[in-house]
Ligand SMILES: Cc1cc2nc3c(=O)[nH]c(=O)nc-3n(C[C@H](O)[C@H](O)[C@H](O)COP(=O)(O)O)c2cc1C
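Have a look below at one chain only, the form predicted on its own, in structure tokens format.
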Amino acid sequence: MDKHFYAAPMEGMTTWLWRQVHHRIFGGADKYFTPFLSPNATRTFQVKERREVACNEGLNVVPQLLTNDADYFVWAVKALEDMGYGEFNFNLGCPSGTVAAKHKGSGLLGYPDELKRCLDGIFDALPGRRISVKTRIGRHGDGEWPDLLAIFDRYPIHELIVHPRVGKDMYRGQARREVFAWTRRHTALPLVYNGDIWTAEDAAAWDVSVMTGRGLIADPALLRRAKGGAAAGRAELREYLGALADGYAAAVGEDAALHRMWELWLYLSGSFRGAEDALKKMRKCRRLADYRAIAEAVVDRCELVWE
């Protein structure tokens, strides 16, 4: 069985810029999945969505689509094929309450008949396409999962990426790895494990393909390490953080860049010991230059957890 390592989509985090910078400095990801695009009745992508699918030269990128309408999904796939894409991902995992309330993301899992109609429309209209599905194991409880898996088994899904939490869990508690183990015994679909992959050792230990999001933001060399490569060095981290700050400042302005970098540090801070006081100061920064000084001090002086 071939095993691969994937970078999960994270809204506002794993942007086109992050993917370019991460791939250049750390590598390790066999595929990058975009934050979700939302095809709708306008049959056009938003400006930020067009950026997400236009700036991926040299990377293996899979666009992720969030909808409950097969016609919109089919339109988006054909539009993306015209841009050169050959694989597409259906988002059935987003736990956001506002998304789920519209019967999208993990919310669609709570309506099996709607889910079947949507999947019928997608696979009938798009024969032979590589369409993967990223899913939770239910909307309200994992007792929903056997029936949902039986639905997925009806379709030629390229890969079934399973995050073994239910939508209502959000990211609370532990991923139910025992449910994934059960899944492996009850389907012949190609499976990918996703959920609470925080270390390179854990990623390497699986004998199926794995996807990680939060863990990869916390340790940007996690997938490289899982393949036997080196841990992130301080010079690499300085280059990574500098390139992201510069790129975001140029693309969205200094204020938005500060917000993006603070979001990243919510996870990256877990890779440093003794950085708590610096992080409190970082959150109060109103100028990018002040943020840079604090971030560089953390990288230069604080102990890395993998050292």
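Residues carry their position along the shown sequence, with the first being 1. It should be emphasised that the depicted structure is a prediction, and the values quoted were computed from it without experimental measurement.
As for the form predicted in complex with the ligand, it is not shown, yet the points below apply to it.
Where, among 181-189, 80-88, 108-116, 207-215, do residues come within 4.5 Å of the ligand in the model of the complex by heavy atom distance?
It is the stretch 207-215.
Can you tell me whether Phe36 touches the ligand? I mean in the model of the complex, with a 4.5 angstroms heavy atom cut-off.
Yes, Phe36 lies within 4.5 Å of the ligand in the model of the complex.
Can you tell me if Asp71 lies within 4.5 angstroms of the ligand in the model of the complex, counting non-hydrogen atoms only?
Heavy-atom contact with the ligand at 4.5 Å: absent for Asp71.
Is Gly195 close to the ligand in the model of the complex, meaning a heavy atom pair under 4.5 Å apart or at it?
Gly195 belongs to the contact set for the ligand.
Ser271, heavy atom within 4.5 angstroms of the ligand in the model of the complex:
No, Ser271 is distant from the partner.
Leu288, Met13, Leu17, Ile294 - the one with a heavy atom within 4.5 Å of the ligand in the model of the complex
When the ligand is considered in the model of the complex, the option within 4.5 Å is Met13.
Which residues from 239-267 come close to the ligand in the model of the complex, meaning a heavy atom within 4.5 Å?
Result: Tyr267 alone.
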